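The form predicted on its own is given below as one chain in structure tokens.
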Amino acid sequence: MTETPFHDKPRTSCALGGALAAISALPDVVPIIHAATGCGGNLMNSVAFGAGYLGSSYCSGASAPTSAVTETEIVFGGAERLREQIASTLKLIEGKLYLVATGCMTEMIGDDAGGAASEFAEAGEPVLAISTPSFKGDCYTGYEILLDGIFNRWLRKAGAADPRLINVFGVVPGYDPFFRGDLEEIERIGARLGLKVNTFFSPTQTFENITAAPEAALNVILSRTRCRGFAERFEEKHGVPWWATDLPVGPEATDAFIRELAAKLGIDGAERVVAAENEWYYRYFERTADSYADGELRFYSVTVTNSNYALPLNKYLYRELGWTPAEIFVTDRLEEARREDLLAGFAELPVKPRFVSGSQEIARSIDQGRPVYRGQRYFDALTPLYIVGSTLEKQMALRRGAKYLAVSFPAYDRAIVAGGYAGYRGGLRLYEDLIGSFMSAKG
């Protein structure tokens, strides 16, 4: 008998959840949820609280329009109910693009959401439907389905490319809890190089950033495991080449990111920006060097993150702070090819990641061969230990007497407002959060 995998305390949602989290971060884009009663509210709330109390935005959360199909529509079909909901949303809610996102039930009964949306589109209304039931994948899949719908189906081809414009994809709203701060830092770094940066999901962006996307000179995919198929289809339709790289965290990774980005675009100024940013970074960091060295603030590290953060975070801990990686857990489900892409990046690190999502399995893996101290005379301790993961790892850290910081979804025990860990400013903030999380105990 084949054992069915059991996933306790899930760290993702379904495809619909990923699409809704992304839509809620887009300016002037309104979701219309075509799903069973409760789907939209439950999925929106999971991100509103789990992503560091992200909350809701215009027409998201409890205010998101939904067809809220019930037994009647399940028996007789919900297409007409969807048409009613689209019509009322267009009448009552102001937006520049209306996205119908489907759930499991309406997909299983065969509702033609695309046909209903097309009727309004043919009448001149900006309405588009995307198919996002859970059986198509998880929240990361839903994010990519959304991107395909807007950028590869809805947007038209542009004219000449703007050599100073880039698009940034791969950072998943909500399920990468620091998406806003991370994207803003990438935008800031791009501006230092004289670039215009479409990040789409950060608060500085407008709907015009979306419509300008086909004019870009390059698509930057900040992920080894996401958006490759999307980027290939974008290039096929709009002629925009793409470059997949890691989210840069800290000065070393960001130096390399800037140099390679400038080389890809054939622009000057990389070394000037690198020098100025490093001077800024180390003027702050050097003031902490004595306390860091004298306080022996080097740890064994265990990280529990999605694939986007696993490599950037561990490179920072190992190369910038000198910590020793003990275990690296990647929690999102990946195809074998994408796992190999991720593993290739760990060649310079002494530990390779393990692909595990269940909290109990992660705890057992950490405990295996590393018993908790119970007064033994001789004891090979994994100390001092720092667990950098999600709120689901907090109790395990307390049980082992380890330091702990939540950086991945779900993060219930901290508020994430404008912070991020990307770039120079993010690297300094990460160091501050890591050390600051236990400095208060010294008082």
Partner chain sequence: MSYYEQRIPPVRDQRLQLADSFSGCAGELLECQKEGCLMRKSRSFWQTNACQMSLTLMMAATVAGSVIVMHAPGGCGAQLLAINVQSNKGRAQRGQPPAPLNWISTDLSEADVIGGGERKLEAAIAYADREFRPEIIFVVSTCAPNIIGDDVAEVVERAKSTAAAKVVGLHCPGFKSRVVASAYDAFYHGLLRDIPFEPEAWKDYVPLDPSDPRYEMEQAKENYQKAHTVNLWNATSIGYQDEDEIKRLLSALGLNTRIFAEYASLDEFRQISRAALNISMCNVHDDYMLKFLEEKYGMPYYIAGMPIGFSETRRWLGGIAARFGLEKEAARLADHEEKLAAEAIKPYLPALQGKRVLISGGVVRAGTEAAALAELGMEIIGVKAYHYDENAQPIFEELAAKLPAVHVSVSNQAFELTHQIRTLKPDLVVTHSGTHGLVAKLGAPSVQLFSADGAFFGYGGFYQLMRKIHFALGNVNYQERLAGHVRQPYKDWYWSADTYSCIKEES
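None of these values were measured; they are calculated from a predicted model. Numbering follows the first chain given and starts at 1.
There is another form of the same protein, the form predicted in complex with the partner chain; it is not shown, and what comes next is about it.
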| item | value |
| --- | --- |
| Residue stretch of 279-287, 238-246, 134-142, 192-200 approaching the partner chain in the predicted complex, non-hydrogen atom distance within 4.5 Å | 134-142 |
| Residue among A344, A256, A337, I109 with a heavy atom within 4.5 Å of the partner chain in the predicted complex | I109 |
| Selected contact from I416, L382, A402, A36, since only one has a non-hydrogen atom within 4.5 angstroms of the partner chain in the predicted complex | A36 |
| Close approach of E94 to the partner chain in the predicted complex, 4.5 Å, heavy atom | yes |
| In the predicted complex, A263 touching the partner chain (heavy atom, 4.5 Å) | no |
| The partner chain contact at A25 in the predicted complex, heavy atom, 4.5 Å | no |
| E348, heavy atom within 4.5 angstroms of the partner chain in the predicted complex | no |
| All of S56, A64 and E84 within 4.5 Å of the partner chain in the predicted complex, heavy atom check | yes |
| Those residues of 68-107 which, in the predicted complex, come within 4.5 Å of the partner chain by heavy atom | A68, V69, T70, E71, I74, R81, E84, Q85, S88, T89, L90, K91, L92, I93, E94, Y98, C104, M105 |
